[in-house]
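Shown below, as structure tokens, is a lone chain in the form predicted alone; questions about how it binds or moves come after it.
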């Protein structure tokens, strides 16, 4: 299991578009289970609606938890999305 904490930097937080991007990346790695923890809520990263329900706004700290094959690569890829502000 690998974890990494990131901060939401994009102004609008994690809305439908970023949530969809995260879910798409995670679905490309079916052998790795990914959970996002924010605001005391856990969200399966394959489910955009669960991601949005965690209410990740700008400045929110998010813990990415990956367990499975290529877990370090997956956590790094998702962390890079958060750090780039999802190119918004």
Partner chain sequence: MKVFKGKGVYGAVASGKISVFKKQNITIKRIHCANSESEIARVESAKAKTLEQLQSIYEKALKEVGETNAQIFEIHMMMLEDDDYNESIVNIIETQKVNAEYAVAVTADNFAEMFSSMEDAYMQARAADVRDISNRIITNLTGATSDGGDLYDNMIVCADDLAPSETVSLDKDKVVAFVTAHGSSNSHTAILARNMNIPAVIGVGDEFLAQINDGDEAFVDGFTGEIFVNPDDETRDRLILKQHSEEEKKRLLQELKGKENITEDGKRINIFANIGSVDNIGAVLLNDAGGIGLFRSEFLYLENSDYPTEEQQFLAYKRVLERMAGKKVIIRTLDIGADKQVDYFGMKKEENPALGYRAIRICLTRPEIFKVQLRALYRASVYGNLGIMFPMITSVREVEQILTICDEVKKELNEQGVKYSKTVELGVMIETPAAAIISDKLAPLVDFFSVGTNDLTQYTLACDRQNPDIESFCNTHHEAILRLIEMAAENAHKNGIWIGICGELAADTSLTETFLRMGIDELSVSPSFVLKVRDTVRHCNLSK
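None of the values given here were measured: they were computed from a predicted structure. Positions refer to the first chain, counted from 1.
Just so you know, the form predicted together with its partner chain exists too; it's not on screen, but the next bit is about it.
Proximity of residue 35 to its partner chain in the predicted complex falls outside the 4.5 Å heavy atom cutoff. Shown alone here, residue 52 lies within 4.5 Å of its partner chain in the predicted complex, counting heavy atoms only. Although the partner is absent here, residue 72 sits far enough away that none of its heavy atoms falls within 4.5 Å of its partner chain in the predicted complex.
At a distance threshold of 4.5 angstroms between non-hydrogen atoms, residue 67 is out of contact with its partner chain in the predicted complex.
Residues from 1-38 that approach its partner chain in the predicted complex with a non-hydrogen atom closer than or equal to 4.5 Å are 12, 14, 15, 16, 17, 20, 23, 24, 27, in the order they occur in the chain.
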